[in-house]
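Starting off, we have a lone chain in the form predicted alone, written out as structure tokens.
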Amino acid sequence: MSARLWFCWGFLPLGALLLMGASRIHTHPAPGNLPLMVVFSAEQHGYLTPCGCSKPMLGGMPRRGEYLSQLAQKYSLIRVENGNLTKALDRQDELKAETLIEMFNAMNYDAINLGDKDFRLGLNYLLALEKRSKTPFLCANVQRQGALVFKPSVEVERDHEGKAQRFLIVGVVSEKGEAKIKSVNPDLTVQPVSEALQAMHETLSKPDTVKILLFQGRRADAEQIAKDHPQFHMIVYAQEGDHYSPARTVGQTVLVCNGQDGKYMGQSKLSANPDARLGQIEYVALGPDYADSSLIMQIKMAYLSRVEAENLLGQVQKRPTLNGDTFAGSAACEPCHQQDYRIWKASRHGDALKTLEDDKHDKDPECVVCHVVGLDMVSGFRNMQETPNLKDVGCESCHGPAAKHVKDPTIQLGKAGMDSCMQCHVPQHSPRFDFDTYWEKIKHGGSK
């Protein structure tokens, strides 16, 4: 059984297969008087699949596809995504954004709110991305020359136990993100959320409609919105870390947050007619109990092909080493440090790149950087053809460049310690990492 936690209350084709065959997951069940469920999530941050060393790893869009397929056999679904699809830092994030839109298309999403990081991709890029999307982009408070550039809301209708139920989904971004938005889009302004919602008063007053606000902002601000605009039945907020937050109620409004990076999904069942209201909140961990959806995995593999085709690995910006030295490779250490070398070679560090090769991520710079020596440094790993001696998490990953030391052993290298480990074993990817525990598995030093 899956882990469940309860709280009450660019555009190239992704592949001929997707163009020629079925391109949507079957998430509409056979006709019947099914209950209705809202599924919500936020801040995927580009994590198409899980990243990290801890087991079990959580998250991943292929697992999400399977999760939604299973739910759709029992419920009529409303699917919403609350912004910051990627970190919007570089070309790879553009490819991820395009890939995520293909995935949301396949999973029949109903609304995508835009966050401040999404706007860092640039307005023109977002408008082009929206044309590719079958799901409406929402943002009720970002304007250009006094006019909205995206839809403020979307209305959807679903069958709920044999009767039609209307939903109004509104999207806003916190005005606190205006500086990030304007850094790339100086002609855009961010209207205060309260003002934007006040302007929608007539729309928000529609009767017999479940109203959901996708708010790309913090919990404290979401609580104030709930007090000022009590028409909402649910507010999905964000920016609270990679873990879910317990559901909270303010008046009739339930406030929910599933965390970032797609590790958890949030879901809320609609209560029985005639008093249709959002009820019990459940957070579901996307662990290995959920198999990968084959269609979403195909889209992901097409993305990896694009990463390789554009040679993003070869475009990694290189910085100079701190000591001006160059890398020699782990094999150069073996003659003088044979016992240490054997310990290293038998560890998971000694075969780190193969784990990426097995998953077809060995051309993905975001992954490779923590599986080789010095990818982001001058004289570091470039690729297996030019620098095979620098593959895996080698001696110099922890001790620093050693070419001078190889020539003159009196030149001392840095000692490995927690700081060297924490370059890759960050809490986000290795939440269970403890230096003292893991050092026992690889400790060595001093033998000649």
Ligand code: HEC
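We number the residues from 1 along the sequence you see. The term rigid core refers to the most C-alpha atoms you can superpose between the two forms while keeping them within 1.5 Å. What you are looking at is a predicted structure, and each value in this text was computed from that prediction instead of being measured.
Not pictured, yet referred to below: the form predicted in complex with ligand HEC.
For the marked spot (52, 405 and 442), a heavy atom within 4.5 Å of ligand HEC in the model of the complex is present in each of the three residues. Residues within 4.5 angstroms of ligand HEC in the model of the complex, judged by any non-hydrogen atom, belong to 349-357 and to none of the other stretches in 165-173, 142-150, 106-114, 349-357. Using a 4.5 Å cutoff between non-hydrogen atoms, residue 367 counts as a contact of ligand HEC in the model of the complex. Taking the partner from elsewhere, residue 329 is found to have a heavy atom lying within 4.5 Å of ligand HEC in the model of the complex.
Contact check for residue 361: a heavy atom falls within 4.5 Å of ligand HEC in the model of the complex. Residue 382 falls outside the set of residues with a heavy atom inside 4.5 Å of ligand HEC in the model of the complex. This chain is displayed alone, yet in the model of the complex one of 37, 68, 58, 393 has a heavy atom within 4.5 Å of ligand HEC; that residue is 393. Of all the residues from 320-341, those having a non-hydrogen atom no more than 4.5 Å from ligand HEC in the model of the complex are 328, 329, 332, 333, 336, 337, 340, 341. Remark: with the core as the superposition reference, the CA shift of residue 347 between this form and the one not shown reaches 2 Å or more. With the core held fixed, residue 395 shows a CA shift of 2 Å or greater between this form and the one not shown. Here residue 254 does not count as shifted, since its C-alpha moves by less than 2 Å between this form and the one not shown after the core is aligned.
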